[in-house]
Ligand SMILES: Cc1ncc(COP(=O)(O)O)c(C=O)c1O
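Have a look below at one chain only, the form predicted alone, in structure tokens format.
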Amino acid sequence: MYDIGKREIKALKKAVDSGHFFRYGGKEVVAAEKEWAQKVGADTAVMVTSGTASLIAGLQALGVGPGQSVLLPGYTFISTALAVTAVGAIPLYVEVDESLTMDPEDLRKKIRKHTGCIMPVHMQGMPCNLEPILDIAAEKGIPVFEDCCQADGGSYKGKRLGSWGAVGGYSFNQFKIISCGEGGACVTSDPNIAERLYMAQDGSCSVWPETGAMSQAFFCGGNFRFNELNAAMLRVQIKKLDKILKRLRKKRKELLETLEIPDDCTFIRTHDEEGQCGVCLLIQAPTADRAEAVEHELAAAGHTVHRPINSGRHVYKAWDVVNSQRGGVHPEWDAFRHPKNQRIATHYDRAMKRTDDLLARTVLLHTPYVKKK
């Protein structure tokens, strides 16, 4: 969250004064969906309660479930994996490249007959190497679901992240580029997927007149409905998004041009320097010990830094609940014990050496943001 102020308060007050907070019959959620779809260049957006909800709803809309696996990078928030288990499928890990996003070469090696979806994650606002990922997916006939939860508004080769794959998922919580406290969205340009996204975000949509006619058969979805208050705040944030990104990118560029780092370290370029969100820059050292020393030096100089290897909730080997295969309380709702998943080899006990090495040798420096008065 970078820029919250009087405009959001005014929008919230207007929504509160309306006395109508529910999605159905309101105006704010529908308007936010149209504005977000337009912003990212997709035909349809469906607002949901969180980034995790966007991933679960998107996987449901793609028809991913028991008997299938989903390939995701070893560096992402744990919710990427948890969303997979929530639909009864098995998350499997793919190595990252120097930009700390999914490595297409390892992706190709990990594809199996049971691969039901490929989920690249645009971590820390850095675009994945999307073209080869999409080429591999098209060759194998596997849908791509872009996890853009940390990259609201980012781009790849001039096209917004989330609009490349079959589905894109976003987060608007406290820690994201734009925020409404908590919220998320799914986007797609496939009309059939769009209808299923709508059903996934609200299982009761079949009994609401506002839903209208559907070409897809209704199914029993959950309840990830957005509300008028969050939507009112988010609409203001959407209008601010491009200015926020412009300021972050400018400051990041200044740091790349002026920050002095040791000769044995290098700045890592993203897969699209124009489209990255500007929230951080990556410095890679020759060894983990050297990276630790550089981390301390930069922190002493006043920079906000950390090494990704130490961010447990974002590193695959720290996801004990997944790696120990505790998928659910009731055994029939436990993805790891579902009969259709018994032949899917997880190999959670195997270290991903390249990912471990890169995360340990990388120092992530957060871009400072100064809000204009």
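These numbers were taken from a predicted model, which means no experiment stands behind them. In this text, residue numbers run from 1 along the sequence as written.
The same protein has a further form, the form predicted in complex with the ligand, not shown here; the description that follows concerns it.
request  = Please check if residue 173 has a heavy atom lying within 4.5 Å of any heavy atom of the ligand in the model of the complex.
outcome  = Looking in the model of the complex, residue contacts with the ligand include residue 173, since a heavy atom lies within 4.5 Å.
request  = Decide whether residue 278 counts as a contact residue for the ligand in the model of the complex under a heavy atom distance cut-off of 4.5 Å.
outcome  = Contact check for residue 278: no, nothing within 4.5 Å of the ligand in the model of the complex.
ask   = So, in the model of the complex, is residue 163 in contact with the ligand at a 4.5 angstroms heavy atom limit?
value = No, residue 163 is distant from the partner.
message = Is it the case that residue 91, even though its partner is missing from this view, gets within 4.5 Å of the ligand in the model of the complex, heavy atoms only?
response = Heavy-atom contact with the ligand at 4.5 Å: absent for residue 91.
message = Just to confirm the contact call: exactly one of 292 to 300, 165 to 173, 230 to 238, 133 to 141 touches the ligand in the model of the complex at a 4.5 Å heavy atom cutoff, so which is it?
response = Stretch with heavy atoms near the partner: 165 to 173.
message = Exactly one residue in 84, 121, 199, 100 has a non-hydrogen atom within 4.5 Å of the ligand in the model of the complex; which is it?
response = Only one option qualifies, and that one is 121.
Among the candidates 115, 284, 79, 129, the residue which, in the model of the complex, approaches the ligand to within 4.5 Å (heavy atoms) = That would be 79.
key: Any residue of 42 to 79 that, in the model of the complex, places a heavy atom within 4.5 Å of the ligand   = 50, 51, 52, 55, 76, 77, 79 sit within 4.5 Å of the partner.
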